[in-house]
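The chain below stands alone and is given as structure tokens, in the form predicted alone.
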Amino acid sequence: MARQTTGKRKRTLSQQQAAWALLAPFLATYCAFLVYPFFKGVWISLHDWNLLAVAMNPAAAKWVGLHNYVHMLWGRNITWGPLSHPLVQLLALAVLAGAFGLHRAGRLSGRSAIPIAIAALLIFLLLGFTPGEGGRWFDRRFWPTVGNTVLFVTLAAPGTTIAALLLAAALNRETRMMAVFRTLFFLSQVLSVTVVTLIWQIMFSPTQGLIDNVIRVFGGSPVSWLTDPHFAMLAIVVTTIWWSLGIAMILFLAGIQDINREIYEAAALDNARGWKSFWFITLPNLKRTITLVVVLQIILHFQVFGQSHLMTQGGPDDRTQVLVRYIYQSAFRDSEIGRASAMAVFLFAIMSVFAVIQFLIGREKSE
């Protein structure tokens, strides 16, 4: 009798209740390890929160409101100019003009053009702020660190995308040798950051490294890649591109193989082969994949840490100091958890902008 009653109760469970029962463990884990830490981080960023002091006495945390954000973002006697950072500001203007031009030409919808234009305009405006005569930033290392991070992303994201796209186009053949090459190029993706940086530290060695030995063969002078202020960031970018090629290459290969082969056969009848086929058929059909890869690379590279920490320790002269490493130092070396949390929230806001852009563009394509 009892078994019959239990069976009836199970049958009365609705689909919605069953769905919630299945989702509950995931939602509980998600809230415990992602949602709660995020809001806790925002809460801490509004406090003067010294790691050691609060560990000994939880009441040592003091509410300071937006002081950490003001200290991080602002300074004394700050002025604005249209060419304070000419390279990045002009690049932002070019992106703004490009979004407007593509929208007018009907090749980019308003839903995509508007967020891109807003992001470019914000970059142009925000980078125009600099200390005037006698002025200074309250945190002198923050904006140079942000600049280093933006420079790294500006070089690494397009570099990875272009290299992976060309590699995928070259390896898009169904032969055994191509399969071997695909595996070899993907292998770098599965290596840990420690192994990757060790390999490239040897490669960049001015005495034993392969690169400088090749330079000597051609009569050049060796370069101290990791200690020269002009080449240290470039060395980290090259390392990161080599490390990040695998996933991007696989995404492009999947996109290329999804293109209807009849289009290539029809183009071949019109003598469109090789470079023409790549330019007029492959690239237009990969727009969505290219957008996905670019946005993923941007979000991924804004979180760069290991390469800078292990290869150059942020040097020389802070030229390779990046935002995540600065957050790490502020939190665990200086014990300033409140200030580090404010910088983490700032980094989250930057990545959210690119995530929203990717979402809007992806939604437009799916519609």
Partner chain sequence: MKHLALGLALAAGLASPAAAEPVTVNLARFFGACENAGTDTKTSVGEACIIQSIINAASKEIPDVTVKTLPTDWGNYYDHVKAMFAAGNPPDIFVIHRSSIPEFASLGALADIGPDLKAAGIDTSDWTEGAKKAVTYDGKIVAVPMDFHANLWHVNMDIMKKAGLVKDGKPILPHSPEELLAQAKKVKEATGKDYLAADFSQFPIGVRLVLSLIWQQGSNIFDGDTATIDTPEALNAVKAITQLFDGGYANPKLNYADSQQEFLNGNAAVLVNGTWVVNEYTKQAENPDTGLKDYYVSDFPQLFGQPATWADNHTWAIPSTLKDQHPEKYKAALKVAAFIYNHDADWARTGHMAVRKSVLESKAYRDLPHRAEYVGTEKIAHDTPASPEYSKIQDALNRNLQSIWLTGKDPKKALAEAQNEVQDILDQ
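Quick caveat: nothing in here was measured; it's all calculated off a predicted structure. Numbering follows the first chain given and starts at 1.
Another form, the form predicted together with its partner chain, is not on view; read the next lines as being about it.
- [ ] Could you confirm whether S205 comes within 4.5 Å of its partner chain in the model of the complex, counting heavy atoms only?
- [x] Contact with its partner chain, yes.
Open item on the list: T29 versus its partner chain, in the model of the complex: is there a non-hydrogen atom within 4.5 Å?
Closed with: Close contact is absent here: in the model of the complex, T29 is far from its partner chain, nothing within 4.5 Å, heavy atoms only.
Open item on the list: Against its partner chain in the model of the complex, would R111 count as a contact residue? Criterion: heavy atoms within 4.5 Å.
Closed with: No, no contact at 4.5 Å.
Open item on the list: Can you tell me if R333 lies within 4.5 angstroms of its partner chain in the model of the complex, counting non-hydrogen atoms only?
Closed with: Although its partner chain is absent here, R333 would touch it in the model of the complex, with heavy atoms inside 4.5 Å.
Open item on the list: Taking 4.5 angstroms as the heavy atom distance cut-off, pick the stretch from 166-174, 225-233, 270-278, 183-191 that is near its partner chain in the model of the complex.
Closed with: Contact-bearing stretch, as computed: 225-233.
- [ ] State yes only if every one of A55, R141 and M311 has a non-hydrogen atom within 4.5 Å of its partner chain in the model of the complex; otherwise state no.
- [x] Yes: A55, R141 and M311 each sit within 4.5 Å of its partner chain in the model of the complex.
TODO: Work out which of I327, L46, L51, A61 lies within 4.5 Å of its partner chain in the model of the complex, going by heavy atoms.
DONE: The residue from I327, L46, L51, A61 that makes the contact is L51.
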